[in-house]
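The form predicted on its own is given below as one chain in structure tokens.
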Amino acid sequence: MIEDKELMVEMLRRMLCIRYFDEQAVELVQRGELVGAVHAYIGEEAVAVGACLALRDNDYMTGNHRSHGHPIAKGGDVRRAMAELLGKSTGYCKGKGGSMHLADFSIGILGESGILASALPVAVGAALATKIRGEKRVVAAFFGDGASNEGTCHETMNLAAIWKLPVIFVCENNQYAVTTRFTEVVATPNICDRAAAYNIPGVLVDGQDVVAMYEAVSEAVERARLGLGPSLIEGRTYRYQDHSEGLRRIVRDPYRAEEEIAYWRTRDPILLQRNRLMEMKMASEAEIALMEAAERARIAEALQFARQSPYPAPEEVFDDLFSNPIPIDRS
């Protein structure tokens, strides 16, 4: 068990920040203030937080369509993230990327994408670059159980294994690809079992336990820094929301039993870490309450910042999109 109090408390703080951020995002969608697809990370916070805290600040990371948790877990700015969701020019991508495309090169976030498994080649390319340059950086590549069936996923894992690249493939197995349970479309009992095909370690981890995720990814990171190649970590987790906000208006038949959802709520990663801190005398209930209030205030301030920020100017529509910008008349 980890005895570093500061680290253990930081795990809870970052999970709270992600939870409150996404609860606010869901509310904005329901009010019609935030338009477009939003995929909440609620229930999965331990996977990203445990993994990202095992990284250094200058290590790289790529994410996917369920994209708010990863940059926050890596230490990103929630003000810029919220501004991006609302399409404001102060956002991470100047308001042009939206919910599924957050990036911050200053802390190693190379970008996220709504196309399943599309960020995995980016991660492997970054890992190849670090190896060529002789750096000791590693790359954490997040993807879901649905993306694990994409050809791109297998191609990148195979290439990373052949070249012994410093990549940690982190599968966030929340058990459903939209409405399809992973056991119906994956031939192996666990997604991490596929690691044997690439002759790399494959580890199944309780994705609701932030400490377990931290320890598993830390071991994979150490292996990667030593030049021993990639690992596949499967964090078995669960999302409490639907695949995306508003899905129930489209999918009328329930695809998950209420009993199943209720069970996984008893294994809420925030609740588990909260109880652990108190049992280990690392934080009192009063101290945790103050932390919760501080993180709620942080998200409220981020929303205020985003609302007050300007939208991108119309004449900037093609800026940052092409290496050779399309000429437009600005007169």
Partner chain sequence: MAVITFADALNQAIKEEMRRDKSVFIMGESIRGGIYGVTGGLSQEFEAMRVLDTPLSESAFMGAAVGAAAVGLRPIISSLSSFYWVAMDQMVSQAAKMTYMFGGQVRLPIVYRAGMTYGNNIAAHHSDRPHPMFMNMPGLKIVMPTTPADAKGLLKTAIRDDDPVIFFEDNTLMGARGDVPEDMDFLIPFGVADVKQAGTDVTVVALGGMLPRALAAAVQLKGEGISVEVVDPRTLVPLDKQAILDSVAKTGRLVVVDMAHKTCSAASEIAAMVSQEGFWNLRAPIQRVASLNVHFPFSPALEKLVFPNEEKIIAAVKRTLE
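Please read these numbers as outputs of a predicted model, since none were measured by experiment. Positions refer to the first chain, counted from 1.
The discussion below concerns the form predicted in complex with its partner chain, not included here.
Among the residues R236, H101, K88, R239, the one placing a heavy atom within 4.5 Å of its partner chain in the predicted bound form is H101. With the partner removed from view, the residue among A196, A129, I261, V178 that has a non-hydrogen atom within 4.5 Å of its partner chain in the predicted bound form turns out to be A129. Using a 4.5 angstroms limit between non-hydrogen atoms, W163 touches its partner chain in the predicted bound form.
Mapping the unseen interface onto this chain, I115 counts among the residues with a heavy atom inside 4.5 Å of its partner chain in the predicted bound form.
Its partner chain in the predicted bound form is approached by Y60, whose closest heavy atom lies within 4.5 angstroms of it.
Under a 4.5 angstroms non-hydrogen atom cutoff, its partner chain in the predicted bound form lacks E10 among its neighbouring residues.
Each of K94, R133 and N324 is positioned with at least one heavy atom within 4.5 Å of its partner chain in the predicted bound form.
In short, of 200 to 208, 225 to 233, 185 to 193, 104 to 112 it is 104 to 112 that has heavy atoms within 4.5 Å of its partner chain in the predicted bound form.
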